[in-house]
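Taken one at a time, structure 1 and structure 2 that follow are two forms of one protein chain, written as structure tokens.
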Structure 1
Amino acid sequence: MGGPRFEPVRAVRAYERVVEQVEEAVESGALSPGERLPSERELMVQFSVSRSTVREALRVLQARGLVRSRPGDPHGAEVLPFTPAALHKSMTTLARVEELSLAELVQFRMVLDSAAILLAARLRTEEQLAEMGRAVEAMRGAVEAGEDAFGAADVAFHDAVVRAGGNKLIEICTDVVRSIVLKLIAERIAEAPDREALMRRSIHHHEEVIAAMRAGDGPLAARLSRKAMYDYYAGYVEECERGALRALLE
């Protein structure tokens, strides 16, 4: 006994080492968005691997949203600014293969949104509050204009809220989950009965949320927002799953 404790070594592919090095350079800031990677031929020299290996590595980096390469580009692959695209992709996959129900997704939104509102009620500036107000105004104007305009204004409101909340992780996850939910009910949302009444009630709810935030009552604002989201989406959720959503309404 005693002696050195050796660890099992997993065979690591050549392309993985290339990925690791580029990834490290990007995440450490040595390579910034907008900058370019050397050309594939240059990379195969620097890493002393073949062209195919370089290309496989670039495919993986591209799948992770770190770089983008275009045919014929003399500048080489471009380092991209962070986008939640990869996060979006893996959550979408999760939603499909794990069969996440719409109820679970909406519930997740209710949780994140009310948390953001709770935070925003404390941290918001007057300007941010005004921005939320303008978004609700836009929603009012968009009732006639159609789904897309209304939806865009609604997104603007919630974006303003989560930004005011100051948590980037909440911001990004909210964005990702919202788009997944919208995609799931996109075809049903237009043909919902009482569409206009739903919109007007939603606007009313949003105004109540703003009022509560202005008064500094975060818990109330959060409770109101959960109620608003429940009212808006409950119609699309299976009856038997609404109970779980109502559990968040107190």
Structure 2
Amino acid sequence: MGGPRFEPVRAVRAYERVVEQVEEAVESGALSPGERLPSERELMVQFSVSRSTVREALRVLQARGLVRSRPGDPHGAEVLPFTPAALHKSMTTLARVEELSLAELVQFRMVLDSAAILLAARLRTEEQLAEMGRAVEAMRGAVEAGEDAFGAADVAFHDAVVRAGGNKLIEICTDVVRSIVLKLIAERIAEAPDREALMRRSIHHHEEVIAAMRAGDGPLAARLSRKAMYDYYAGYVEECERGALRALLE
């Protein structure tokens, strides 16, 4: 039979509609940080819903970092300014709920790291470059100390790179993706028989990246970084998915 095809609709609870309208007001600028929503009683009247519905909506909005609310507050919930922590929490939830594959997460990290390095190669200061060098020296000193100390020094290196690039969104996304990826493979890394060799290879790759950045060659530094991440993570990714990572090496 011809004609349009329709999709099933999802039943939407009343509190979700309340949340949607408040979010739209914040996003459009109708509500600004520091302003307050009407009291619970006034919200009940405006939305024509029960007190429990209003409180559930406020609970969700507070969990998302949009408002600060106390039940029964006569002044109403306060609209909060945007914070990186709110985005960090949202991205972490997205990555877990959507059940993204390790390959997808590693691929995204390769893209983010490349972008951060391209920016850092252009914008970094000598002090920031020195900070990266100190992080690599800490990695070298941590080889004997174990995975935890080495991992902390490695994180310090990548954090220094991202800060030098100056993009807050890349910084947040990198932090989220890195933490999720490491949690997924932590046990396998700890049990790897060639763990020390992996550490020393990682140090060498970082030194190559720093050298390229010092020379002002951002594209080379980014390419070296993608190759280093592929070498490090490919063994933990299913063979059938490695092509998605190799695509970034070309």
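The term rigid core refers to the maximal set of C-alpha atoms that superpose within 1.5 Å between the two forms. The first residue in the sequence of structure 1 is number 1, and each one after it adds one. Small disclaimer: the values here were computed from a predicted structure and weren't measured.
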**Which of the two shown is the form predicted together with a further copy of the same chain** = 1
**Request:** Could you check whether the CA atom of P38 moves 2 Å or more between structures 1 and 2, using the rigid core for the fit?
**Result:** yes
**Message:** Tell me whether E137 is among the residues that move between structures 1 and 2 (Cα shift of 2 angstroms or more, core superposed).
**Reply:** no
**Prompt:** Quick one: once the rigid core is lined up, does V18 have its C-alpha move by 2 Å or more between structures 1 and 2?
**Reply:** yes
**Prompt:** R64: how far does its C-alpha move between structures 1 and 2, core aligned, in angstrom?
**Reply:** 2.5
